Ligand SMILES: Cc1cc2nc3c(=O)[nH]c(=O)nc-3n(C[C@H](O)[C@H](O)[C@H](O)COP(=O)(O)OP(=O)(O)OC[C@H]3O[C@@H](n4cnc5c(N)ncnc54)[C@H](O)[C@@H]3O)c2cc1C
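Take a look at this one chain, the form predicted alone, written out in structure tokens.
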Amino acid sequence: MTGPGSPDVVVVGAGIIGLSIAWQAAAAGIHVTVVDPDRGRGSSWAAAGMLAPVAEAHFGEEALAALNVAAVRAWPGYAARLEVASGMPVHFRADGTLLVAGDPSDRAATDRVLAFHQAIGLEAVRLSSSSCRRAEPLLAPGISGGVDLPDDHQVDNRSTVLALISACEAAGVMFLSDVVTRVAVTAGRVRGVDLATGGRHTAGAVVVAAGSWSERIEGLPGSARPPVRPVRGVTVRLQAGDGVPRLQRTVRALVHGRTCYLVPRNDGGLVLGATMEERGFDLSVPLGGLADLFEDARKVVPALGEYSVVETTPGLRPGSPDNGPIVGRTGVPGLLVATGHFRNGVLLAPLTADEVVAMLVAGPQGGDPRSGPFSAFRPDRFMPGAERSGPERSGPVRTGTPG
């Protein structure tokens, strides 16, 4: 299926999903080439690194919540293996998350969230205002209580991306700084990819892991084209100076119905975020959204007024019609997709890589497409007449607390 020197697999996209697949495929003895014009610098770089199967459990998305819980359990071992393979830290932290309410109406919303989480078997514990402040002393005295989410963790997403690049290089993965203009399909089978610089890179299999751009790649048959869309999010990176008190735990907050999250880093940095907008591929940063975000965050943690703004980073999350990932074989032999991870790309990276590499090793006919953790999230669920794994979403969406 491949000529001399040709890769067994071309992975299109070098975000955390594509890099995880490439690393684990190379470790399984597969010859891998990754194509991306700016590896690691898309939504994976803009993310906050939250591993939040509980906080991101939304009404009507029970199947996704179960997948996310399985994913967070894979992270400790994945982080340890990656640190050994790369010789670099990823700063995995399993110290849980506090979900706090800004006022009594927000408390009513968080109580509904708590009831939902407990009803589907997720661990969540109601806390009083004083208990929240004992757990995180920097919280404002006026907060109206909250919820302890001990199974929601975090990792430094940028450190993880850099470690993945290093581990891939050590495993023999080849990187091409180029753009895939077309997936080459002839005689009903994938043959490789065409590149913007010209020429075809032949391969026996192609994995489309290009995030929000996956749907735009030419050459994909209609049945194999993942229905993903870009959802713009903006994170702000802050830094605590000498003597400035530091947040100790990840805090997610609901303030007058708006959500925000604050993710502390080991070096005194902090990632602030929450914005999500349906604006196509526009990567501009609107002032209004940032002003609301800063205002809400300071109401929850007043000490943020002493932090310095280091960077503002927009990114495009790949959303699917039902907010679930799109992972698995397509109807074209040798063509797989791994996209649509939306709010959970960092969280789902290890499990997605396991799934895709198992399919690559098994070959086009191996394995049962209806088995495994992604059985409810196969690409063909969007075919006419197929059952959906969750409610279809259109229009604006938001992150943080559901309900």
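Please read these numbers as outputs of a predicted model, since none were measured by experiment. Note that residue numbering begins at 1 and tracks the sequence as displayed.
The protein also exists as the form predicted together with the named molecule; that form is not presented, and the subsequent description refers to it.
Is it the case that Ser86, even though its partner is missing from this view, gets within 4.5 Å of the named molecule in the predicted complex, heavy atoms only?
Outside the cut-off, so no.
Gly233: heavy atom within 4.5 Å of the named molecule in the predicted complex?
Yes.
Hey, in the predicted complex, does Pro350 get a heavy atom within 4.5 angstroms of the named molecule?
Contact with the named molecule, no.
Taking the named molecule as it sits in the predicted complex, is Pro226 in contact with it (heavy atom to heavy atom, 4.5 Å or less)?
Pro226 lies outside the contact set for the named molecule.
Can you pick out, from Val346, Val337, Val32, Leu67, the residue that has a heavy atom within 4.5 Å of the named molecule in the predicted complex?
That would be Val346.
Where does the named molecule sit in the predicted complex: which of 101-109, 124-132, 314-322, 289-297, heavy atoms within 4.5 Å?
Of the options given, it is 314-322.
Taking Ala26, Gly172 and Phe175 together, does each of them reach the named molecule in the predicted complex with some heavy atom inside 4.5 Å?
Per the other structure, none of Ala26, Gly172 and Phe175 touch the named molecule.
Heavy atom within 4.5 Å of the named molecule in the predicted complex - qualifying residues of 206-242:
Those in contact are Ala209, Ala210, Gly211, Trp213, Ile217, Gly233, Val234, Thr235.
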